[in-house]
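Given next, in structure tokens, is a single chain: the form predicted on its own.
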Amino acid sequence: MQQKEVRFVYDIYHSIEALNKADATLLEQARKNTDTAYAPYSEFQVGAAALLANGEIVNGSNQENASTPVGLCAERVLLSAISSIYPNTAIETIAISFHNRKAASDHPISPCGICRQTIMEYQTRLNHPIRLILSGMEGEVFIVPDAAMLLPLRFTSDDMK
């Protein structure tokens, strides 16, 4: 038998005020983007903002649908916009925040499984690590230096060869 270990490392900041200016600005934009979410069913508004390698910032928010499976998470809306507007441009950092209209929004959340896979596809395609800033509307902030840490046993195009 062989045993392997996967190590997950991330930084925890007590609040947005502890971040450097660039990270704080990107997180503020993600928080603001929760206002553009269409979430009448769950009342769970997610906002995302990405800093691209070319210096541009692109925004996204979740978009629900009465037919639940066809809704889109903020991260996938964001990645679709980036791919359409700035094809083949690397993403440096994605900030993700949420506003839960039914409960507190005071802790970080992380992308769902589909979004983790989609982020990894983008990261792998451009061969560039994507940093993640995760937070609610207030409280602690997590910074994950490489999105690959969220999906250590990921499925890639190499598995299809």
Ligand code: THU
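Just so it is clear, the structure is predicted and the values come from calculations on it, not from any experiment. Numbers follow the displayed sequence, beginning with 1.
The same protein has a further form, the form predicted in complex with the named molecule, not shown here; the description that follows concerns it.
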{"query": "Contact test in the predicted bound form: residue 73 vs the named molecule, heavy atoms, 4.5 Å", "finding": "yes"}
{"query": "4.5 Å heavy atom contact, residue 122 to the named molecule in the predicted bound form", "finding": "no"}
{"query": "Contact of residue 62 with the named molecule in the predicted bound form (heavy atom, 4.5 Å)", "finding": "yes"}
{"query": "Contact flag, residue 112 vs the named molecule in the predicted bound form, heavy atom cut 4.5 Å", "finding": "yes"}
{"query": "Partner-facing stretch of 24 to 32, 104 to 112, 50 to 58, 125 to 133, counted where any non-hydrogen atom is within 4.5 angstroms of the named molecule in the predicted bound form", "finding": "104 to 112"}
{"query": "Residues in 36 to 54 with any heavy atom within 4.5 Å of the named molecule in the predicted bound form", "finding": "42, 44, 46"}
